[in-house]
Ligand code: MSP
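Consider the single chain below, provided in structure tokens and representing the form predicted on its own.
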Amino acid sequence: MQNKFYITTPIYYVNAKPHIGHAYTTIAADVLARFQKLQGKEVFFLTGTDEHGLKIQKQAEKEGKDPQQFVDDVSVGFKMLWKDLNIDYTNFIRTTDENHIKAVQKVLQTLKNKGAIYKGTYSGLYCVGCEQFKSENELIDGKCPDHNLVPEKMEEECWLLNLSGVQDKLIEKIESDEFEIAPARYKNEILSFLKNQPLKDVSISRKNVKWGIPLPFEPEQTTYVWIDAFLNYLTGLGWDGDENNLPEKWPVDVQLIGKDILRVHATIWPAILLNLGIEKLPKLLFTHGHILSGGKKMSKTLGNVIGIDEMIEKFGVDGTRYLLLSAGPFGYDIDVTMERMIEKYNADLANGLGNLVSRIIKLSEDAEIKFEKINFNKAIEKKIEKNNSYFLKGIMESVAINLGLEHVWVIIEEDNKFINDTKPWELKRTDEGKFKEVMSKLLSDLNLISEFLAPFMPETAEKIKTALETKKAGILFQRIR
């Protein structure tokens, strides 16, 4: 399919309710999906929940619930949040879906038939928080850096996936960007890892975890949660597990992930595909950073946790989308505090965009003024100059989402300055021709801004378009104290 665009988020682990990090990734994916859809692409946007594994089994026991009831309850919370954030996904997959389970079992049987998985013993340091084995060099002071837990020493009989046999091919595909990893520092990190040590074959099953997909050839063992989860990127398209009959939307065009799950996505995930004989790997694995607050990871102990529900209540849906995506370069850690977000909301949205729309519409409400109306495809090719020349199309296709918003705010800032410099309220009385010329430019820019903002802030974009038609602005963004 030449005109398709397939984008995924990770599927989110349902051991707890959704948080700001989940929202950040999903909003970014939604923006990229909307951007492509507005260009006429046939878009498939997949998100969902990862619902098996020891951590969920333990959490369900702790809450006195059946695991299925537990995951049902939490999964609903993700769907509700995506609705609240105006996330326009195509499919929401759950790894407890019957079709997914059947496809995973079919894949496991195929891997066994091909000799890509074999019976053995795996020993290592296992972090329950990550649901992963950890090497000594990944630990800090003997603890998992992501969960501050001392991993358990574990040795058990299991089935193992061949990684060493596909290592050279994987290096070749990453180096050539056939399997592109971005930003570049993450590509370099993975290549360094792959070139400096042989990959160890990895466990794909667990003997003592009941809450998982049973192996079709040894039902006493369940599928290791990561193997189960990775296959969602295919089963979410309706794939039945037949490696010779891939969905027409395959391969993935963009996979968005957080940096804490980069290594497994860059090694185990493509290794599964290559062992199945699937040579077309995801086109782009784009890795973003963590959300910090006050320079530190958010934690209840530090009291610096910012709830995504709290943000929506305070800033509204589009305000929340804007504040997260404009908080820093996409692909790096970003640092947010409630104080800074209130300041930015007031400066950029209430005083910046909101004030601009209000001023332009009010000045033009009783005048007949012709202005340029262009559609989204023409708008994104427009060149905006300020220090550098940015093309919104190029920015977005390189997944520099924050720069896309900066591109729009250049126009907003320049138009607010243009109004102050030209004083159209005076021209209206003294020079009707000049007044109409000034207002035509401003109304044309407002139309341009509404088109630009459509992927980022869809409700706001529609409100601006309505204001241009009705000459009634209303209040877009109320100042917050």
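In case it trips you up, residue 1 is the first one in the sequence shown, and so on. Everything quoted here is computed from the prediction, not taken from an experiment.
The form predicted in complex with this ligand exists for this protein as well; it is not shown, and the discussion that follows is about that form.
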Residue within 4.5 Å of this ligand in the model of the complex by heavy atom, from I291, I411, L274, V202, is I291
Considering this ligand in the model of the complex, which of E218, E365, D73, D260 comes within 4.5 Å of it through any heavy atom? D260
All of Y12, H19 and N232 with a heavy atom within 4.5 Å of this ligand in the model of the complex: yes
Which is the contacting stretch out of 238-246, 172-180, 222-230, 206-214, given heavy atoms within 4.5 Å of this ligand in the model of the complex? 222-230
Quick one: is H265 in contact with this ligand in the model of the complex, heavy atoms, 4.5 Å cut-off? yes
Check whether D30 has any heavy atom within 4.5 Å of a heavy atom of this ligand in the model of the complex, and answer yes or no. no
So in the model of the complex, is this ligand close enough to D50 to count as touching (4.5 Å, heavy atoms)? yes
